[in-house]
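We begin with a single chain expressed as structure tokens, specifically the form predicted alone.
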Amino acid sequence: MTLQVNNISRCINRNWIIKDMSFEVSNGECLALLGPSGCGKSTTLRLIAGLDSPNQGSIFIDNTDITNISPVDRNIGMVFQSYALFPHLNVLENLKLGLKVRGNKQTEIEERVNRILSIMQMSHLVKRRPNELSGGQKQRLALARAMLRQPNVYLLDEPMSNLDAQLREELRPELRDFIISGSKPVVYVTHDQQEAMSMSNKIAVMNEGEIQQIGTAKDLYNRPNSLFVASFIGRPQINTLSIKNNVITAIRPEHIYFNSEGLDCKLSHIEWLGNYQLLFIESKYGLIKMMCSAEQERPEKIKISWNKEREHDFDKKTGKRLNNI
């Protein structure tokens, strides 16, 4: 099974929400759509699901053109940011409803629902309604309902954005197991780069309705093709310095080190990050961020260097990559 998105665009009131977008996701593969709010991530999912229609382009699942097919007939399992549960139905009823509507036999419904309840560890919650569930339990229920459809493609729209940081961390392994153990294409929308890196095989970085770059987390980190990608991927954010004419030189905070022969600087302030400290250093090129271990001692006179091979050079006007590292 393969999902193919070919040159799709979506325009509303003469504003292009999605512009000429193409990508492919194969069986057992998860593509994360990563980008800032308003860049078109959720709209892309809605186009694939058939909830919106593209102005141009086509969408294929397993070589079948589904561009103009009804959402009901696309056999897509979608997990929404808001969970989209029926508040008046309990867990068991929420799970059974879709199967009943699709005409499954009662014995098959019971068997499939019991199996999914066991997988999602929710058998003890069957009589609870959504307002009696925690955020993590609601998310499990939404996932369980999507899995019951046995869809050709899974679409996950910010599935953990409504959870607090601790709950996201707890649920992430379960969600990753669900994604990795499956054999269907998965498209996962998020604005959280850590989530994208941990959940997906590859990442598409989006901005203003366009895909800026597709690659593995390692590829995007080590060889961003634009200043936007370099700045969006990696935390703390990459340093951008005007060292050369018409060029932005970017260097990551973790690649800067103390050097008695280096650039004269002055310490501005420090942020403590557990095992690491983030130093904000004033230099002739502006403020520079430097990451080092919490135990590392700082010299009395701050001088810093970085390996020139770690520099990323971008055209100041276009933001496109210039060097070949």
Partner chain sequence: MINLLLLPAFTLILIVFIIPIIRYGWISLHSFSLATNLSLIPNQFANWDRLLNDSRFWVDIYQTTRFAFVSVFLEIILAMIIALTLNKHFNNRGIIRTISLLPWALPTTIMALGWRWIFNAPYGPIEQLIRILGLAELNILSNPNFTWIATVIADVWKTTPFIAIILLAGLQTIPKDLYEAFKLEGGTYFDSFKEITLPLLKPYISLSIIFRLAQAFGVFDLIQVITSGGPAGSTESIALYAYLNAMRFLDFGYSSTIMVASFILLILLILVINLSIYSGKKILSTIKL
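The structure presented is a predicted model; accordingly, all values stated were derived computationally and were not measured. Residue numbers count along the first chain shown, from 1.
The form predicted together with the partner chain exists for this protein as well; it is not shown, and the discussion that follows is about that form.
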{"query": "Single option in I288, C265, I59, A49 placed near the partner chain in the model of the complex, where near means a heavy atom within 4.5 Å", "finding": "A49"}
{"query": "Contacting member of L85, M120, A217, L227, with respect to the partner chain in the model of the complex [4.5 Å, heavy atom]", "finding": "L85"}
{"query": "Contact label in the model of the complex: V113 to the partner chain, heavy atom within 4.5 Å", "finding": "no"}
{"query": "is_contact(I179, the partner chain) in the model of the complex, heavy atom dist at most 4.5 Å", "finding": "no"}
{"query": "Touches the partner chain in the model of the complex: I243 (any heavy atom, 4.5 Å)", "finding": "no"}
{"query": "Partner proximity in the model of the complex: V126 to the partner chain, non-hydrogen atom cutoff 4.5 Å", "finding": "no"}
{"query": "Per-stretch contact check against the partner chain in the model of the complex, the hit in 167-175, 247-255, 87-95, 190-198 (non-hydrogen atom, 4.5 angstroms)", "finding": "87-95"}
{"query": "All of P71, V101 and E132 with a heavy atom within 4.5 Å of the partner chain in the model of the complex", "finding": "yes"}
{"query": "Residues in 134-156 with any heavy atom within 4.5 Å of the partner chain in the model of the complex", "finding": "R145, R149"}
